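The chain that follows stands alone, in the form predicted alone, written as structure tokens.
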Amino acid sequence: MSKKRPLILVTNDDGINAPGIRTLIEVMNTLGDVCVVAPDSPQSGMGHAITINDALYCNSIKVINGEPHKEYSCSGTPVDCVKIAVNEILKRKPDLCVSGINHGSNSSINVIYSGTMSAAVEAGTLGVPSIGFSLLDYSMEADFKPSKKFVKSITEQVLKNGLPKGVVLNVNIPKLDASEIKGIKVCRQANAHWEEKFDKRTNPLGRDYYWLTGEFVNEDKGEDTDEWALHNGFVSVVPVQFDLTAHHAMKELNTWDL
């Protein structure tokens, strides 16, 4: 790989064959030297899970279309993919990690469940500037073409300017034609949640089982949130920090008789 071009690690949580990651690879190949390390099967909703009780397997994959990048499929989670890429596969630390493009939203509270964003966060903890990209279309037949120019523009800015220490970007793109997307907004994470329900059923052997369902509820009326931006035709960019300390609560806790 050329030393003059940035080294870009590409991963995701939908699996190495998902259309979203193929689009991301295509864009990244125009910006740097690309290495893909992604799960060999879908890993959506895995959050920051890592594999500790099973062996990890990582296999080199032949790039059929002749593009100049390298690809590896990994038996583990998205976070496993980043760890093994940085520590074992790559000869040097990547200049950037991009994760996605996810099939479906990772805005608001979804960020904490997301394998896509957890991969980006993991790279961030390793000192690698990182971005998670998601498209608000859950279909595996989703059209990612309108996303390309926004993915490229945001990535170019991160390569040029870097990111503040301890921060990664959570980028969500509305399901719209490119001409209908109004622009990009830097936002805060909306204060929203899932009202979960469990669909209880009984199998033929008489054993109860459950399917998780739910409704997404956004009670945040602010016009500076990712949910507002997406519902109004903008790409949302939320800076996410992986220091989970609630600094604002420390003063109160220090008044307790601990």
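Every value quoted in this text rests on a predicted model; they were computed, and no experiment measured them. Each residue number is its position in the shown sequence, starting from 1.
If you look for the form predicted together with another copy of the chain, you will not find it shown, but the lines that follow are about it.
The three residues Thr30, Cys35 and Ala178 each lack any heavy atom within 4.5 Å of another copy of the chain in the predicted complex. Residue contact check for Asn161: one or more of its heavy atoms lie within 4.5 Å of another copy of the chain in the predicted complex. Remark: Ile64 does not count among the residues lining another copy of the chain in the predicted complex, judged by a heavy atom distance of 4.5 Å or less. Another copy of the chain in the predicted complex is not approached by Ala18, whose heavy atoms all lie more than 4.5 angstroms from it.
Mapping the unseen interface onto this chain, Val111 counts among the residues with a heavy atom inside 4.5 Å of another copy of the chain in the predicted complex.
Of the residues in 127-160, those that come within 4.5 Å of another copy of the chain in the predicted complex through at least one heavy atom are, in sequence order, Ile154, Gln157, Val158.
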